[in-house]
Ligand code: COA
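Here we start with a single chain on its own, the form predicted on its own, put down as structure tokens.
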Amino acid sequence: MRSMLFVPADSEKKLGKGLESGADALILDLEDSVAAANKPAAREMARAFLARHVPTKNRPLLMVRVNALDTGLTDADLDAVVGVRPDAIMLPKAEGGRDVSHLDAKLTAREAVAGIDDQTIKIVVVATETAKAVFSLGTYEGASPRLSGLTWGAEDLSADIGAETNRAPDGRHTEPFRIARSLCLFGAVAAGVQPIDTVFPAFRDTEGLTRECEEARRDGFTGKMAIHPAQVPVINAVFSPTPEAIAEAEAVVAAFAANPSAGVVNINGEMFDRPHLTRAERLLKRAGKR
């Protein structure tokens, strides 16, 4: 997944626009973008939307962001949507692998009741929304075979720690949030799941979004969440490997395949070692070439 677009689950109009956005995944939101009084209606709208679109071809991945485990609302969210088989559940405000295991158990019970194969529904976690959560980013490995992605959030974290802002005047995140970002990246890679960068709130600032996407891709993130359909083309473009990058990766893989015992290979006068091979294989996998 390159782009994951948040869509309030209580807005038919925005749900429809989400389908037309070109996003690789839609996140039907039952949490922050839905007022408390609208949550019952949002559950029903999410269920109806999933029932219509999950069986269709050539659709984006469809996931649902439920309310956090400590709100008392998660079970009602899951009861509404599991039976219509969303591709994934996004868990906000998670504080470690135990929360993923807890959600896994809830999904397992509901899949069994609905006659759905075990582990059909995956889990994506927002893993840095409290100070406590930051210290648990190394606990996701082995928490659940459902876990497919880790992302991070700066807005709730800034409220939790009492920060005046989470961005400097140049638009980049300040140091506490860059630490959370880096630890999320390390935690995702350690767990063997996709590292996903957080949202860029200034949706009209295309230049700033492009810069943040390029920095995220440079550092190892392989996708980014969006809050507006206009952000999707930028995210898709930045996180799609270029033909030149694919050609170089293919050359690296071919060179090591031809010299399987080599620790270093020479390609057009440039030396490539085993870490280059690992990066090349990952890039080709993202490009659908492996």
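We number the residues from 1 along the sequence you see. This one's a predicted model, so the numbers in the text were calculated from it and none came from an experiment.
One more form of this protein exists, namely the form predicted together with the ligand; it is left out here, but the text below deals with it.
Student: Name the single residue among N67, T222, S33, N236 that comes within 4.5 Å of the ligand in the predicted bound form, judging by heavy atoms.
Tutor: That would be S33.
Student: Is L61 close enough to the ligand in the predicted bound form to count, meaning some heavy atom within 4.5 Å?
Tutor: Close contact is absent here: in the predicted bound form, L61 is far from the ligand, nothing within 4.5 Å, heavy atoms only.
Student: Does any part of I227 reach within 4.5 Å of the ligand in the predicted bound form? Heavy atoms only, please.
Tutor: Close contact exists here: in the predicted bound form, I227 approaches the ligand to within 4.5 Å, heavy atoms only.
Student: I'd like to know if K17 sits close to the ligand in the predicted bound form, meaning any non-hydrogen atom pair within 4.5 angstroms.
Tutor: Result yes; K17 sits at the interface with the ligand in the predicted bound form.
Student: Could you confirm whether F203 comes within 4.5 Å of the ligand in the predicted bound form, counting heavy atoms only?
Tutor: Yes, F203 is a contact residue.
Student: Looking at 228-236, 35-43, 50-58, 256-264, which one sits within 4.5 Å of the ligand in the predicted bound form if you count heavy atoms only?
Tutor: Going by heavy atoms within 4.5 Å, the stretch is 228-236.
Student: Judged by heavy atom distances of 4.5 Å or less, which residues of 4-35 approach the ligand in the predicted bound form?
Tutor: Read in sequence order, the residues that approach the ligand (within 4.5 Å, in the predicted bound form) are L5, F6, V7, P8, K13, K14, K17, G18, D29, S33.
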